[in-house]
Structures are given as C-alpha cells and as structure tokens.
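Before any questions on how it binds or moves, here is one chain, the form predicted alone, in structure tokens.
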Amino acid sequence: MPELPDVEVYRHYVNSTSLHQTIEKVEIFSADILENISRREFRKHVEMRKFESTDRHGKYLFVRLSEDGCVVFHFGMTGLLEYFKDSHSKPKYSRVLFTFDNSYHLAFVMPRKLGKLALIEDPSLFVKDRGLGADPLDRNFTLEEFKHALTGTKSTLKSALMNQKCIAGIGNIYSDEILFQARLNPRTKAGQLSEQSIKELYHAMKKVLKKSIENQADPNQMPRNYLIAHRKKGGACPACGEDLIVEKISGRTSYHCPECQR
C-alpha cells in the first residue's frame, strides 16, 4: 500500500511532469473511484484548467487547479501515476486519464479499485473533516505534539503509528521500519514509553520517512541496516542476524527482531 514516502514521490513526479499544462480532456474509465461527484461534473471542473501546484498530507495528494478547486488523489492499496505520450501505450488498469495540450497524458493507475479521486476547495478543511492527524514531516509537528498524539492512546506502538487520526501517513511497512530503527517492540503500549524512548521514536520516524523519500520509496535502494528489504518469510535481522518474528498485530502482518526490539 502506498504510504507517505510513496505519495511524496508521486507529488514530486506530478511537479516534474504535469504542471502548468492545459488539461484538454479527462477520461474516466471507472466512475466508482470518484468520490461525491459525477463523471460529468468532474470533467466540467477539470477540463481546460491546469494543474498549478501540489501538496500532500499523510497519504493524500492534493493537486491545485488553476482558477479554483483541488483534485485529491488517494492511492488505496495499489494506486500509482504514470506520465506518457503514446496514447496506444495507456497503462493497464488506468482508471482516469488526463490528456494535456502537449499531447502527453497522466494516468491514475489502480489494479485494485480501492483508491479515490475527489474534487475539493480547501485541503486544510478536507484534512479537518477527515479527522486526520498531523503529517509527521510537517515542520510544525514538534516532539511535544508527537508525545501528545502517541500517549493519548492505549494501543500498541504499532497500532498508534498506523492510526491515521493520530499520525497521518504511516502504514504497515514504515511502522515496522520506524520501530526497528528505534529498537522498540511493536507490542509495547504507547502510553508506557519513557521520555527518552519517545524522543528516539520521534527522530527515528522522521529519519526513516525522509530516507525513503530520498531513495524514491524503493526498498532495494534503502540502507543495508534497514529492516525493509528483510521483511519476508525467512528474513533475518540486518543488525544481529536473528530470525525475524512475523506475527499479526492489529490485523496486519508485522516483522520485528526478538533481540534488537525487546
């Protein structure tokens, strides 16, 4: 599932490919991914406009339109964006296709139709209405605010990090990595952490997310001492070589080291 680093990479991708070009045509092949808007209304508000700028909060990508309005992408389990020229090379599972006046296209690709596309006026109101927590890479998200968000729940650390109403953007993969880098057990209760452990977890969270973005959210490009490339059956801890424990936590498959994350 695309998490915060993936969506930030998509944001950079839109910035480098799709801004300031007139959108001549919008084709919607799967209307069920549109949220609270019809095909006709979506096309009416988007065609002959331009994508002017982008923003992100957690797992949501906001693309501001010229004049007014903002397109919101949520990528679900399998969503991605692909910019291309040859219309005969339209990617399989393209759900929405934006065609620009330079003859290039931007496809919203999604094998499993679990993502959504919406049209809104104000991203900040959208975030508030959805009850989303702070974005962990927001420069205003301080250690004190992290402590308040984390210790305000009785859940495990794994669950707290993945709770989008607590902190927006972290999912199954990066919660495992963050906890590994902080050397914390995923089943530890969030409210039981010491001040020092909270501080270490806060800095590990920011370090891991930034490092992933630097590496295009590609597990194969991550440092060798990161867990992410070892999250598989028979995987071993990159720090001590111990076999990783694989178990369900809050309904998600979690990986951790029994030695390094006691």
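In this text, residue numbers run from 1 along the sequence as written. Since the structure is predicted, the reported quantities are computational estimates derived from the model, not experimental observations.
The same protein has a further form, the form predicted together with the DNA, not shown here; the description that follows concerns it.
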The DNA: the contacting residue among 153, 142, 192, 87 in the predicted complex [heavy atom, 4.5 Å]: 153
Mind telling me which stretch in 97-105, 177-185, 133-141, 111-119 gets its heavy atoms within 4.5 Å of the DNA in the predicted complex? 111-119
Is it the case that residue 173, even though its partner is missing from this view, gets within 4.5 Å of the DNA in the predicted complex, heavy atoms only? yes
Answer yes if any heavy atom of residue 93 is within 4.5 Å of a heavy atom of the DNA in the predicted complex; otherwise answer no. yes
Indicate whether the DNA has at least one heavy atom within 4.5 Å of a heavy atom of residue 241 in the predicted complex. no
Please determine whether residue 250 contacts the DNA in the predicted complex, using a 4.5 Å cut-off between heavy atoms. yes
